[in-house]
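Heads up, the chain below is alone and in the form predicted on its own; it's given as structure tokens.
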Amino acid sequence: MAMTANEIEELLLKSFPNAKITIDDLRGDGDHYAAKIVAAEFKGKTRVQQHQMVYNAMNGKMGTDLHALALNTSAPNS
């Protein structure tokens, strides 16, 4: 089952409510996306920890409803 970019963004905003999120459908198939997420919750976290936080925010959708999600994560510059 495919997901829409809006569905992905809604899931992410539940965990990162003030994040700036950009979702791109890489193939137009609803199954391969790239996400750029800038969230204060990532401050002080390694890239691996940030990606783990995103996968946790996806509530088990990775590998089932969503095949691929390329991630670009960072904390805001302040």
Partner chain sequence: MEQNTKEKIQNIINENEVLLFMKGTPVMPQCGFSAAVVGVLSHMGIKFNSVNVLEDPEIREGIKEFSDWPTIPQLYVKKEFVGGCDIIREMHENGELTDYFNQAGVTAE
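The shown structure was predicted, so the numbers you read here are calculated from the model rather than taken from an experiment. Positions refer to the first chain, counted from 1.
FYI, the form predicted together with its partner chain isn't displayed, but the following is about it.
Self-check item: Candidate site Phe16, Lys20 and Ile37: all three near its partner chain in the predicted bound form by heavy atom within 4.5 Å
Solution: No, the candidate spot makes no contact with its partner chain.
Self-check item: Any non-hydrogen atom of Leu69 within 4.5 angstroms of its partner chain in the predicted bound form
Solution: Yes.
Exercise. Answer for Lys43 alone: is it within 4.5 Å of its partner chain in the predicted bound form, judged on heavy atom distances?
Key: Output for Lys43 is no: heavy atoms all beyond 4.5 Å of its partner chain.
Practice problem: Report whether the minimum heavy atom distance between Leu11 and its partner chain in the predicted bound form is within 4.5 Å. | Solution: Leu11: no contact with its partner chain in the predicted bound form.
Exercise. With heavy atoms only and a cut-off of 4.5 Å, decide whether Asn59 touches its partner chain in the predicted bound form.
Key: Contact with its partner chain, no.
Practice problem: Taking only heavy atoms into account, state which residues of 38 to 54 are within 4.5 Å of its partner chain in the predicted bound form, ordered by sequence. | Solution: Read in sequence order, the residues that approach its partner chain (within 4.5 Å, in the predicted bound form) are Arg47, Val48, His51, Gln52.
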